[in-house]
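What follows is a single chain, given as structure tokens, in the form predicted on its own.
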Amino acid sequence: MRIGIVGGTGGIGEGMAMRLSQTHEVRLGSRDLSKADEASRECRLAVEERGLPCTLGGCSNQVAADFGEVVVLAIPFKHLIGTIESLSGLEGKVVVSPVNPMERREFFTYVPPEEGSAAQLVQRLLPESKVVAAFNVIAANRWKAIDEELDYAVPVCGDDAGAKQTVLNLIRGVPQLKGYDAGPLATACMVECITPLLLNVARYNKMHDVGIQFH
């Protein structure tokens, strides 16, 4: 599968690229092409040094959007609208939002947009795309620790059954990662607010990279 990661030079984007490029063709996008090239080169080296296959290249955000059958928006919430408005050609594509709108105050708190969730905002901005909320609850450090398995659950929300199944299959292709259908896109708010909860649990219990599992 061809996967384009928009805003891929952050920790989550780079970590996802290293994991997914072992079994898929991945393009890591950025507003800064030189930054994308450097990040993809470093990620590719990290994977290949471990004797693993890797199909990964750097490009602009628009090229990543054009390339991907699945396009991941690995960007902070504050840049979400501006980034989406800078892109074209996402009609009909599966667009994945791992975006969590939150703020750090006295503690981490969920601050959704008026649409109800970041994923629903993405769907409003991209009415012809098949938006799926996924990968919201995995810390960047865990994505990038490629010597370790991701023994986590990933809730997936979306209104298009085929798009949701595509993302579930993508998740299940990563060793130990488990995808679960969490309902329509309207339930994305329930998933997005788990991340500030996890950050608070980690902070107040002196833990690192807390995740979730379903049993």
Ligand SMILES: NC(=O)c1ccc[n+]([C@@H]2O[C@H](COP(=O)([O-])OP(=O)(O)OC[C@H]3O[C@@H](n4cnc5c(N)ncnc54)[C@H](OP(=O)(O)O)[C@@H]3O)[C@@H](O)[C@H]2O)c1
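Note that residue numbering follows the sequence shown and begins at 1. Not measured: the values here are computed from a predicted model.
One more form of this protein exists, namely the form predicted together with the ligand; it is left out here, but the text below deals with it.
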{"property": "Distance check, R104 to the ligand in the predicted bound form, heavy atom within 4.5 Å", "result": "no"}
{"property": "Residue contact check: I75 to the ligand in the predicted bound form, 4.5 Å heavy atom", "result": "yes"}
{"property": "is_contact(A139, the ligand) in the predicted bound form, heavy atom dist at most 4.5 Å", "result": "yes"}
{"property": "Partner contact for M18 in the predicted bound form: the ligand, 4.5 angstroms, heavy atom", "result": "no"}
{"property": "In the predicted bound form, segment of 75-83, 88-96, 125-133, 104-112 with a heavy atom within 4.5 Å of the ligand", "result": "75-83"}
{"property": "Residues of stretch 8-22 in contact with the ligand in the predicted bound form (4.5 Å, non-hydrogen atom)", "result": "T9, G10, G11, I12, G13"}
